[in-house]
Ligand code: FUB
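Coming up is one lone chain in structure tokens, specifically the form predicted alone.
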């Protein structure tokens, strides 16, 4: 569910659309379309060889060729990401990490401030273009206006039912002039708190949707892959508000586990009343790709029941089939789950808080050793990092071993934390998924998801993980 302010903006725009003259309404044959996520360049339909680019922060179309400078090729390359205001639309992120947005109808490049206004201004919905294979983009919050070039400058202009306007507002997606060369981020866009797992022969990622002020995103998406490199988006799999009666914002840090022939998503959400408290809930689905539905109609762990915030759930299932729920911010809690996976005995809740613990519990077992991992410091701090402890039991007691994942300033990598771990089936090969400040222009609410190898010494301790670009 969108924020009230953004919903009002969208409604006003839709009402405005009903009031414009018929000649200004897009033709009936214009239809929504989809485009591929990832790096691309956009070529003008009626000026072949001219591409959308930014110059001095302003959007325009200019000639780009194989002999153009490296800087011009970068300026004409964008990453197509799920729309900041709506995952069914699109946003365009430049190589420098900023986004194309319109302000006073002029298209320019700016840093995402997380506000509803910015997200709406930086989101464009795709429609079929004027020639075969081309695409047009309507403004998310002014749907009667389209992205078009006028005197080489990019604007969002009110639709005109003319051949010239349709051509000026149509683009061909081309291979990027500056292709992505780094492994990370593994999924395009602003995401954080990734939970990675292996289900039904595929790897699945369930991240928090980032880029919202105060981390107020209302929905979760799912992504899957066979090789941890190429990821398929399954779209929104749980949308607070429509899908959850007791929460409509702050969809934070999910975790998904398979049990009883079902898939359970544990998640945090803000109360629909506007209360800032976060509650922990559980949703269930018949497929790891969702859709998930609220299993209880109420929180599984209500805010204030235990010290610290009721956030960052994680479920570990031991070899004997017993599943354990971990959660907490400031205090780390664990409890055995009942067989139904949606309840537990409050008398069995245990405090296992280690020194330095902030949030993001994660537990796994390897060769008889249990590993309890967590994040330290604040997610807005470049020193956000991952530490761990070991035990002979999923309940502890735990022996702290130290920090294993932290920033790497020589590569501009900051804020490495809120991780999860997955084992490649049938091997002793392990991977860690985590978020970091988006490189190069990210911060604590503009984060991206990375995956790197995790290895072990002969004594079972974890070798410090090197974050990579």
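Numbering follows the first chain given and starts at 1. These numbers come from a predicted model, not from an experiment.
Below, we turn to the form predicted together with this ligand, even though it does not appear here.
With the site C-alphas superposed, this ligand from its pose in the model of the complex keeps every atom more than 2.4 Å from the backbone and C-beta atoms of the shown form; the site is open. Heavy atoms within 4.5 Å of this ligand in the model of the complex are found in exactly one of 340-348, 309-317, 144-152, 222-230, that being 309-317.
The closest non-hydrogen atom of residue 248 lies beyond 4.5 Å of this ligand in the model of the complex.
This ligand is not drawn, but in the model of the complex it has no heavy atom within 4.5 Å of residue 363. The closest heavy atom approach of residue 196 to this ligand in the model of the complex falls outside 4.5 Å.
Contact check for residue 208: a non-hydrogen atom falls within 4.5 Å of this ligand in the model of the complex. A heavy atom within 4.5 Å of this ligand in the model of the complex is found for exactly one of 215, 398, 264, 165: 215.
Interface residue among 253, 107, 244, 373, judged by heavy atoms within 4.5 Å of this ligand in the model of the complex: 253.
Taking this ligand as it sits in the model of the complex, the stretch 372-391 comes within 4.5 angstroms of it through a non-hydrogen atom at 379, 384.
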